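Starting off, we have a lone chain in the form predicted on its own, written out as structure tokens.
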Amino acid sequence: MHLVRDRAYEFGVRGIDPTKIWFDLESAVARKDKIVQDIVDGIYGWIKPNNRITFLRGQAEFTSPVDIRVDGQQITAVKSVIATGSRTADVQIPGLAKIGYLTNRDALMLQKVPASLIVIGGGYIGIEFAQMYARFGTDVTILSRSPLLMRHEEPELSERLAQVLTAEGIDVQLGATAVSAIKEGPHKVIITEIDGQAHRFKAEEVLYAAGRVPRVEGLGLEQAGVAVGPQGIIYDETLRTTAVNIWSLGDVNGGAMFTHRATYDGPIVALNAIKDAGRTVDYRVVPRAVFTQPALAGVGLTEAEALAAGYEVKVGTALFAHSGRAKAIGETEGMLKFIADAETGELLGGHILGPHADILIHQVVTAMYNKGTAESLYKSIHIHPTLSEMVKDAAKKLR
């Protein structure tokens, strides 16, 4: 939508009247639903006919470390795995539940584009939905309690992303704490504190994107002997919980709540539970990405985190503005920043804001595996003209 309506003329396309282009959200949602259903059907299509798997659907609750009740049916399991995922964090803003709000799930089920939208939260979900709906034509405001969007990422890149969103017309309010919500006619109003002053923001819809929390309620974890901490289920490096016969994986453990982290956990838990393999997790190299345009991706430590951990560091940077391929596709905004141990050369972190950053980051992930250096990145041949050349350029600066 953004490319056709706002940028087609730049690429030499003529005959398009931007005022006559509109977005059919209902059709887009229907397409999304079909894709999701195909994925779900594929998963359960494999599980259900497998004669070694008994599949039960219902509310499960431990009644002892080996006994589980599923909607009244009692079953016994010598070993168990908890993989119940996460849920939207509880709303802490007085009045918001009363006036109504959208979760990320709701925002993917709307049938029409709202005229205006307030997004509460400056993390993955908030930023992605803010840009998406802004490009659909919605007037979007982001309220971020943190002074930075994506506050756990490299600050230089986070600041650049905020500038991109602002340039696209999104009202980015940083250091904005939502304190209450009221309804005024057809609009929802969020009263916010910024620098000690009260501010009012109103919109047709409000998206609550202030984080997710492990789904641990109603599972009878106390009866099972499974301890829960502030971040989620407590587990050791083999993903065993405080109950010797129960393991847990993915979002329910807290930490990096990504599907790819859960799929990394899965085989480790399976081998440890079934074969007592003693496999351990290494979350040092878990990549992450926010699917904006430009995308923001990272792995490992930021420069500040590396310094706080006691490392002397070398930093290598490169700008997409210097990339021939980025110029060709008209996406020159962004940069790459890599951090290495100044003494050993070990690559400690990589951070990319730019076109297809979510793909480019995997070169860094591979280099960091087994505590590697950037040597393989800057010595290997990269195809020209590609965006991947920028990874090589940033790695060269670490020499």
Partner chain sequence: MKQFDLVVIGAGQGGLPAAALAARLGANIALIEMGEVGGT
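Numbering follows the first chain given and starts at 1. None of the values given here were measured: they were computed from a predicted structure.
The form predicted together with the partner chain is left out here; the points below concern that form.
Peer 1: Can you check whether T84 is within 4.5 Å of the partner chain in the predicted complex, heavy atom basis?
Peer 2: T84: contacts the partner chain in the predicted complex.
Peer 1: Is G330 close enough to touch the partner chain in the predicted complex, meaning at least one heavy atom pair within 4.5 Å?
Peer 2: G330: no contact with the partner chain in the predicted complex.
Peer 1: Given that the partner chain is not shown alongside this chain, does G58 nevertheless sit within 4.5 Å of it in the predicted complex, heavy atom to heavy atom?
Peer 2: Heavy-atom contact with the partner chain at 4.5 Å: present for G58.
Peer 1: Does the 4.5 Å heavy atom contact test between T54 and the partner chain in the predicted complex come out positive?
Peer 2: The answer is yes: T54 has a heavy atom within 4.5 Å of the partner chain.
Peer 1: The partner chain isn't shown here, but in the predicted complex, which of 180-188, 209-217, 294-302, 115-123 has heavy atoms within 4.5 Å of it?
Peer 2: After filtering at 4.5 Å, what remains is 209-217.
Peer 1: Would you confirm whether the three residues Y44, Q73 and P267 all fall within 4.5 Å of the partner chain in the predicted complex, going by non-hydrogen atoms?
Peer 2: Affirmative, all three are within 4.5 Å.
Peer 1: Just give me the single entry in L174, L307, L271, V164 that has a non-hydrogen atom within 4.5 angstroms of the partner chain in the predicted complex.
Peer 2: By the 4.5 Å heavy-atom cutoff, the listed residue in contact is L271.
Peer 1: Using heavy atoms only and a 4.5 Å cut-off, determine which of Q111, Q231, T259, Q197 is in contact with the partner chain in the predicted complex.
Peer 2: Exactly one listed residue reaches within 4.5 Å, namely T259.
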